[in-house]
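As structure tokens, one chain now follows by itself in the form predicted on its own.
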Amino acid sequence: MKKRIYIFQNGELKRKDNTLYFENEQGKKFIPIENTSEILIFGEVDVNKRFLEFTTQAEIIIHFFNHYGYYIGSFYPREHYNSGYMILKQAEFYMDMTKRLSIARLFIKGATFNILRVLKYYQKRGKEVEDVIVVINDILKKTHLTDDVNVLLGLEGNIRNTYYQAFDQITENVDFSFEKRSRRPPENALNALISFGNSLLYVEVLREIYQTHLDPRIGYLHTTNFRSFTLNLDIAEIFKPIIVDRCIFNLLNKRMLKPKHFLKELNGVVLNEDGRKLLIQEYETRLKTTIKLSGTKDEVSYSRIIRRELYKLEKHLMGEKEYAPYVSGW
């Protein structure tokens, strides 16, 4: 299985003959072409056309993140699975508001059910989250009462914000109080963790979308406009609770992440390199974790489950089988 390469330092990515390497004042590190699927760049890194030409030949995706760990964009090799037919089907379901609302509701249903799974998991372990569960169930019912996708997106935001209120109960870690959701930049350590983890998942879903015939530019819950990608945001909502949030809870409950892993800056808080490595290590482990799917004998990784989710959406768009979002069984 090919691996992801994470680059946190500043430097330059170069090609020499048929090899790639990263170079800065600390030295030179070669990148194994055959075993690399993508490179995620967090530092200030220069690349040139020769490097990009070679990564295209090797089908290596390059993802860029800004100083705060937010996803900026990707350099992707020429698409091998693009499909005019699937783009038309995606557009058809987007333009038909009834069809679009149906898919958007299912994304929210999957995301909310997985949020409730996480809350009930910790409720069984003595965390007092019952009030949050009740409120979330009440908001979920309202998603069936609106025909406005913007209202629907707002309700999804309300569910998520209510869920965040339980984070302090789950972690019981005064160094990582939630306070409120803040972005661009995050205003405290917990928000920095959430933002960084979500960025990793957006990229993971985007990578999996490129392995299907789907076009990431056409989403259903998030409005398709001049923003480059929306489908990966939609699908990521389903998996945030059971992948990103569980990683954060594990690291905080085990006291592995500490205040020393964060930097306070004029406008916000960011993870330092050691902090990012800790979260990425937990995240990679989570993605590789295999679980048994309901109704089958298959044990598959979360990475593979994300791919299957996209195949299910393809079948829905082609009229082969109604889409049902993935809901964790644990």
Partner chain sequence: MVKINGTMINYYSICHRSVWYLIHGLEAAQDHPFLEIGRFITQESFARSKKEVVFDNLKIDLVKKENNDVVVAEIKKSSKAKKTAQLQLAYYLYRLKEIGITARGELLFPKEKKREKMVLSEELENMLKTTILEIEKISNMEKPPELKKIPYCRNCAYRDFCWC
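Positions refer to the first chain, counted from 1. Predicted model only: the values in this text are computed from it and were never measured.
There is another form of this protein, the form predicted together with the partner chain, and it is not shown here; the text below is about that form.
Taken together, F113, R117 and K120 are entirely out of contact with the partner chain in the model of the complex: none brings a heavy atom within 4.5 Å. Proximity of D17 to the partner chain in the model of the complex: non-hydrogen atoms within 4.5 Å are absent; the residue sits far from the partner.
The partner chain is not drawn, but in the model of the complex it has a heavy atom within 4.5 Å of H213. By the criterion of a heavy atom within 4.5 Å, R304 is counted among the residues contacting the partner chain in the model of the complex. Taking the partner from the other structure, the partner chain in the model of the complex has no heavy atom within 4.5 Å of any heavy atom of N161. Comment: the partner chain is not present in this chain, but in the model of the complex one of S102, Q165, S228, N82 has a heavy atom within 4.5 Å of it, namely N82.
Put simply, of E44, D298, E53, E265 only one has a heavy atom within 4.5 Å of the partner chain in the model of the complex, and it is D298.
Stretch-level contact analysis of 84-92, 169-177, 229-237, 186-194 against the partner chain in the model of the complex, using heavy atoms and a 4.5 Å limit, identifies 84-92. Using a 4.5 Å cut-off on any heavy atom, the residues of 295-316 that reach the partner chain in the model of the complex are, in sequence order, D298, R304, R307, R308, Y311, K312, E314, K315.
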